[in-house]
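To begin, one chain is listed below as structure tokens, in the form predicted on its own.
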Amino acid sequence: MKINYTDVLVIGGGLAGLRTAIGVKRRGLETLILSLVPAKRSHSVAAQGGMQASLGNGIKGEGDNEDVHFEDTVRGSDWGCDQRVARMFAHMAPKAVRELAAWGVAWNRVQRGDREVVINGQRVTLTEKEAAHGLITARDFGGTRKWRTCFTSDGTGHAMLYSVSDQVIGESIPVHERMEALALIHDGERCQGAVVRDLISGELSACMATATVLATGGYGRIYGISTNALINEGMGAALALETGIARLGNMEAVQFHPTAIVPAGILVTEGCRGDGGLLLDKDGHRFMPDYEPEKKELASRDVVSRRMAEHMRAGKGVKSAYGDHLWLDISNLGAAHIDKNLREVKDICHYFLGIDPAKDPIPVRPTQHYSMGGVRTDHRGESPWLQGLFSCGEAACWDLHGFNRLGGNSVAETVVAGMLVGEYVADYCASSAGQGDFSPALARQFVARERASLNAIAAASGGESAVALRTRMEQIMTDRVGLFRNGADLESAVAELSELLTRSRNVGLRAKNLDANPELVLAYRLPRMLKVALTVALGALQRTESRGAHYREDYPARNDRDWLNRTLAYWPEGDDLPRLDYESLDVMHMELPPGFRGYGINNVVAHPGSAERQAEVDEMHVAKLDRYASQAALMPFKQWLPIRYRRRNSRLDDPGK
């Protein structure tokens, strides 16, 4: 059996994993990246609309800063996020976007003088300042008070991933493609690496590492229709869950994107609405102002998705062979704008729908899109329960997004988290905690266990079909753990998913080979996907409130009094269901205490400490006057940042220091 040794093992070749690896390599550590696919084919490449960073260069971003970005993020999370992490993120995002520019990302730039845009369905002329000419520009996105989303037309993820991947090549960091981590090697207290399977040869090996980083993306493919890549099956979350020690956080927090095309489920960017596109019903009526007169199509994603679903429930959807849908109309933007700034959307419409979005409306409906839940970590990206295990990006519950993510914050999070977690991982490796000896015997034990499991799956003559079981799981999640949830559906979902998990242990294969065998891969991944699905469904059942993307029709109020907490899930060996704990969010240490989010009616059940904390915050702002002094007094987040990243961000109206 082969054992590889490295300082840092990064599992996942997307933006978060690549940027983490760059950080640790530049600190002098050896690192190795495992990727299911070639790194430049990771799901990060699919991000279209842009990356949020409060540069404040364009005229519609004027006055933007870290405070505004922080507040938008906290409100967008429906007060479910870790405000310390949100502060760190808002501070780091401008540094990240400028680093990417230096690495070759061709961000769209401000052009001086007049330009025509579409705002609220009307053509408006904006005049950009001479001083801003050539600086990085931004477009509008939902849930934000400023135009903050930096972009490269609608191929932002593509541009970012290729540039970061080139940096990995330049650093001579090895990326082992078509390799899958099957299990985390640990002794109950410390993670020492992973068991690795070569997806082509089937060979098993061990990779032992001082620090192991899970950067495997989300778990959208437990749903029947998702904008996620096919590889986003939640295996990173499953690896952590199957340790029986590490916790997952907020797994019930699943985001649905308003505008995926029908029937394929492929995303068309929020940039369509940010640039001025409109949502229309079967009668051609623009309905979002009826529900959200202030933000309209640019309310937060969870809000827009629910309003769309409500409108279709009211009989206003367009009938089709694939179910009801609504229209996204971007024809008002004009062919020239679409060809320049929404060209991927144009290609998607052409190849998958046979339409020209400059002339024809796009059929869309809300579709599973993003996982706010994931491997629970502290602000440094490390599991508090399993030493040496780190996670970042969509695989992690860091917890930047709480119960709803703002568009543009996820692709920003990948590189920001990579920048920070790379430093924290390097610090850990240099600390006394990272000095323990490897145990080759432990690695051999874990490899032997996984080999025996694969042999048993291949040799089994069970009568269950992995394809049929997975299809049923996807249907249950879509129908009962979707955009609207209720107790009866969730109870039945948990019961049937548990039954499917039992049945998944009796799968029979037609192909018995242990090398390149997709049937075998599905058979060993299926129980893990079902475990992830059960953490989502059980977490949703137990959370008797509505918060962000988690909407309970039988408990429509956001209940800060009883539910201002984070769900923690773990799965001890031998248990039939995951166990749930809860981690309280401390109101008295919040910089932005819970309040009304601004959508629909104010039906929040207030936390008893919210008013007291708000009074303290108001007094602090009055006493300090200067925004930097007030913020530092309320939450001195810079103490948690690496020294190299503590400097203020400079803007046209603030040179920084």
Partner chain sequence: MNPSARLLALHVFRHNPRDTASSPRLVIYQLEETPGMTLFIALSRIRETLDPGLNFDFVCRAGVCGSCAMLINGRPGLACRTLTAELPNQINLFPLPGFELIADLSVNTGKWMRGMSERLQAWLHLREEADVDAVEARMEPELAESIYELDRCIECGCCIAGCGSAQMRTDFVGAVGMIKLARFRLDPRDARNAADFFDLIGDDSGVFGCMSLLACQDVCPKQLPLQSQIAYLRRSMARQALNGLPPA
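As the structure is a prediction and not an experimental result, all values here were calculated from the model. Residue numbers count along the first chain shown, from 1.
Another form, the form predicted together with its partner chain, is not on view; read the next lines as being about it.
Proximity of 533, 597 and 611 to its partner chain in the predicted complex is absent: no residue of the three has a non-hydrogen atom within 4.5 angstroms. Residue contact check for residue 37: one or more of its heavy atoms lie within 4.5 Å of its partner chain in the predicted complex. Contact check for residue 135: a non-hydrogen atom falls within 4.5 Å of its partner chain in the predicted complex. Contact check for residue 327: every heavy atom lies farther than 4.5 Å from its partner chain in the predicted complex.
In the predicted complex, its partner chain stays beyond 4.5 Å of every heavy atom belonging to residue 463. Residue heavy atoms within 4.5 Å of its partner chain in the predicted complex occur in exactly one stretch of 206 to 214, 448 to 456, 104 to 112, 493 to 501, and that stretch is 104 to 112.
A heavy atom within 4.5 Å of its partner chain in the predicted complex is found for one listed residue only; from 144, 414, 228, 77, this is 228. A heavy atom within 4.5 Å of its partner chain in the predicted complex is found for one listed residue only; from 559, 153, 243, 383, this is 153. Residues from 337 to 355 that approach its partner chain in the predicted complex with a non-hydrogen atom closer than or equal to 4.5 Å are 340, 343, 344, 347, 348, 351, 352, in the order they occur in the chain.
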